[in-house]
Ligand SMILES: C[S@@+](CC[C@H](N)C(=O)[O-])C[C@H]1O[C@@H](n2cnc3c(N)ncnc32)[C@H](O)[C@@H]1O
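This document opens with one chain alone, in structure tokens, the form predicted on its own.
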């Protein structure tokens, strides 16, 4: 099964609150986005945002230029339906991040739990090519991945686990690590998952 088919199947068969990465309120992503200090009119892209509640929370907090990108069109449709008319104020992109060519630049690139699914070095390089094209100097790259003591698999797929230092190596010299910390995510089934959170600034 290819990557797109896998995720379309996940979001076509499971409700958003049934997936392991579900968050009722995205406290940590909001903290990291707020810590950038960008204006509420800044352009923000949520990579792998799918059926996440982050776009709802960003709108509630006054952010007005939000793009949600996901490989799964089904996931995006779930979120559009949830937002109702408010979805008209969001840009929706159904795309694979490893072949994504940004059509604009963003002040903030947010990714919670996408990068760690990229187990092939070539896919990670293509991801970073897209991020570098999307972020101008001073732009913020926010990434959340499983930590070293996090699970080795998620949604039946292998993942790569990271320390802040290893993420810095993947991101490369074009970015400076501004902050990093660990965090614990409790899944809907009450499982525990350790995450590494990092915010980089484009040089």
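All of these numbers come straight from a predicted model, not from anything done at the bench. Numbering follows the first chain given and starts at 1.
Beyond what is shown, the protein has a form predicted in complex with the ligand; the following relates to that form.
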If contact means any heavy atom within 4.5 Å, which of 83-91, 67-75, 128-136, 101-109 contacts the ligand in the model of the complex? 67-75
Report whether the minimum heavy atom distance between residue 52 and the ligand in the model of the complex is within 4.5 Å. yes
So, residue 150 and the ligand: in the model of the complex, are they within 4.5 Å at any heavy atom pair? no
4.5 Å heavy atom contact, residue 7 to the ligand in the model of the complex: yes
Check residue 48 for me: does it contact the ligand in the model of the complex (non-hydrogen atoms, 4.5 angstroms)? yes
Going by heavy atoms, what in 2-18 lies within 4.5 angstroms of the ligand in the model of the complex? 3, 7, 11
